[in-house]
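Quick setup: one chain, the form predicted alone, written in structure tokens, and binding and motion questions come after.
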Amino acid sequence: MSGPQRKNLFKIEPFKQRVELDPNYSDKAWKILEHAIHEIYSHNASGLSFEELYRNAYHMVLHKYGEKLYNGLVCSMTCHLREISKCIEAAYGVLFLEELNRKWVDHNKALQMIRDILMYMDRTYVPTSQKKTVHDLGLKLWRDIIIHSRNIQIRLLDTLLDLIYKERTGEVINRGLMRNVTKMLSDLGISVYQDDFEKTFLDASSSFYCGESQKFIECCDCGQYLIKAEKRLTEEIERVSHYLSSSSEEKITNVVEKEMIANHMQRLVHMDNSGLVNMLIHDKYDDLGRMYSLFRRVSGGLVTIRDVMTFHLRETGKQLVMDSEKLRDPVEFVQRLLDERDKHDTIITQAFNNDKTFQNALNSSFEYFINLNNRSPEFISLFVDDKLRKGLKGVNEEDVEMVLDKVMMLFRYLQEKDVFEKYHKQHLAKRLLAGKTVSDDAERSLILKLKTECGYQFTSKLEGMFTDMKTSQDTMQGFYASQISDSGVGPTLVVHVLTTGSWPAQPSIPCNLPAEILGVCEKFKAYYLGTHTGRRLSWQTNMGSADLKATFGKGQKHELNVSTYQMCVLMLFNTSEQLTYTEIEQATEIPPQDLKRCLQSLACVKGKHVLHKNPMSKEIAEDDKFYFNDNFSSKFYKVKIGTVAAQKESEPEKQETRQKVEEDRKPQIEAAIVRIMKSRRVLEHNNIVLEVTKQLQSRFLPNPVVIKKRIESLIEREFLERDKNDRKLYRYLA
């Protein structure tokens, strides 16, 4: 059995003889490299062997001569840069910048070649010794020796600022050269660009624009000034893009904005005959858009525009709604409001970038001045009445919707929406009963818009009025179907049966109808009460109309469209040639005020006077005499004779409507109080007022005094009680 085999071990031994390095090697190697650096700076690099140079630098670092190599490089580059500095200093004018730029380009090329030769040093020696790389070293030496040279630094800054000033004043400069020089400063470090150029540049720019803005504002109007300011701002942004660092854009635009806009904002907007108000009045969209775009750049700029616009709007609106001359025609008054709203809405859309804060200011201004006139709800309803009677005839559906939307816009501004509802109901009733509505679709569209805005309760009675009109048509068909056996010739009757709760409350005024009409009315009453149980009918003769066939002198025939009262008066002249006012009043029992208006329209309106009045005057007296006008003629067969009446309510009617509105509000306020207290159980007085106002503001703004009175009423009826210790605290009683 053989023993274990021995493993052969190998060992590397050092050379028996020590390799000696030439003691002058480092000096010889550096001399070669130094000569190469000199040749590179002298533009003679084409004859150099970069491979050999790289090997020499490599061996110096490898044999621990890296420090000698690095220090030698510093000395050599410093020496060459000092020579370059002298060349630059010797150049003057534009040649100074050109020489600086040329030398900078040469220096960068030299750095690139030197860095390639000393690449091994950059990779090994520089990181371990915490030195700057060849490239960074070259930039530092250029900065310290060239840029921060006492004879170059000031000249460089002055030359750059002088060229910028020349360009600002209209001269053409070499932008490419400027770009190269400013880029050089940026390449040397952002701090060099900022400290050696940008700070002074911004200070000089501030002084320049301070002086220029002062000169402009003294000799230009607001629009011209804004054009110049906009132009300067654009120029500075372009200047940055052409030859300044992008970091300068925000800083230089801030300077222009401060000196040309922020410092003169108040003076610009209030400038006589050209400021913001003048621009608004004369629809100067371009100037307004320019002001908006410039002022939005500075703090408080848009607030300044908005405040001045709001003040102007409120003052203009106040004059409009308080001017008695402009209040004479309600339709024209509302049209002016709409025109003013459209005008400023267009300005905000086109010039103010449809800014929501400006829209809010516009809305708040309109809400402010529209509610200064407590007749605004009535006037808006009259405007709607005019449009739905005749103003929208022949208008396409889209335009109708546009008009209704504008009306709804004004409606939203009203604080007393319930007052509008009261008037709208009255006007709608007259339109429906007279058959004068332009379009049922338009009427229903408006009701739908009101319903969307204020809820079902707001429009339920309006919808009930339309239901009554449809039901009345069916009732009349049934009535005439039941009268087929009665073939006698007589007047044709059309009755609208109105539900008391849905229609405006009208006093039932007695009137003596002609016998022919009275007979048909009695037949209808018998038919209606026979088909409906538990109902009562009362004739509203003051709301009716009639078509009369009349024969005048020479056999001329016309069909007269008149009111029921006018019909009663005219039918009297079938049996009488002459009647006094007193006789007519006794025969018809029409209320005096209505009778006088009725006679005025029959005898005093030019072209419509089917009666003669003696003596002839506009006013009706009790001893006046009336005759049938046999000589009446008209080119139309059908003649409409309207009733002379004021378009607006008289003062007593206005007071009566206001009183009705106040009475209608009481149960609404009480209901709101009970709802709130039922959920809160205990609440302090001021909080109740706030909650009630919040709940009811979509219909009207309740008066705190009225709220207090309704609380007192609820306490008396034992819905609430006062706290025994705190009189301002209320408790809900279940």
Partner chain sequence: MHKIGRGHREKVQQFMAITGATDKAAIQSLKASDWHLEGAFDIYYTQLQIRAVTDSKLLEELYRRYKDPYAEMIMADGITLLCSDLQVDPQDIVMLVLSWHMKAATMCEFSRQEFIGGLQTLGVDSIDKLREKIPLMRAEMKDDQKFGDIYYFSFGWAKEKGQKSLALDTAIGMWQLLFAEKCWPLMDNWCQFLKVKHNKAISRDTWCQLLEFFKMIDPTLSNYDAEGAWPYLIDEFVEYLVENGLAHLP
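Residue numbers count along the first chain shown, from 1. All values reported here derive from a predicted model rather than from experimental measurement.
Not on display, but discussed next: the form predicted together with its partner chain.
*Any of the heavy atoms of R731 lying within 4.5 Å of its partner chain in the predicted bound form?*
The answer is no: R731 has no heavy atom within 4.5 Å of its partner chain.
*May I ask you to state whether N686 is within 4.5 Å of its partner chain in the predicted bound form, using heavy atom distances?*
N686: contacts its partner chain in the predicted bound form.
_Contact flag, K678 vs its partner chain in the predicted bound form, heavy atom cut 4.5 Å_ = No, no contact at 4.5 Å.
*With the partner left out of view, is K709 within 4.5 angstroms of its partner chain in the predicted bound form by any non-hydrogen atom?*
Because a heavy atom of K709 falls inside 4.5 Å of its partner chain in the predicted bound form, the answer is yes.
*Which of these stretches, 46-54, 33-41, 61-69, 678-686, has heavy atoms within 4.5 Å of its partner chain in the predicted bound form?*
Of the stretches listed, the one contacting the partner is 678-686.
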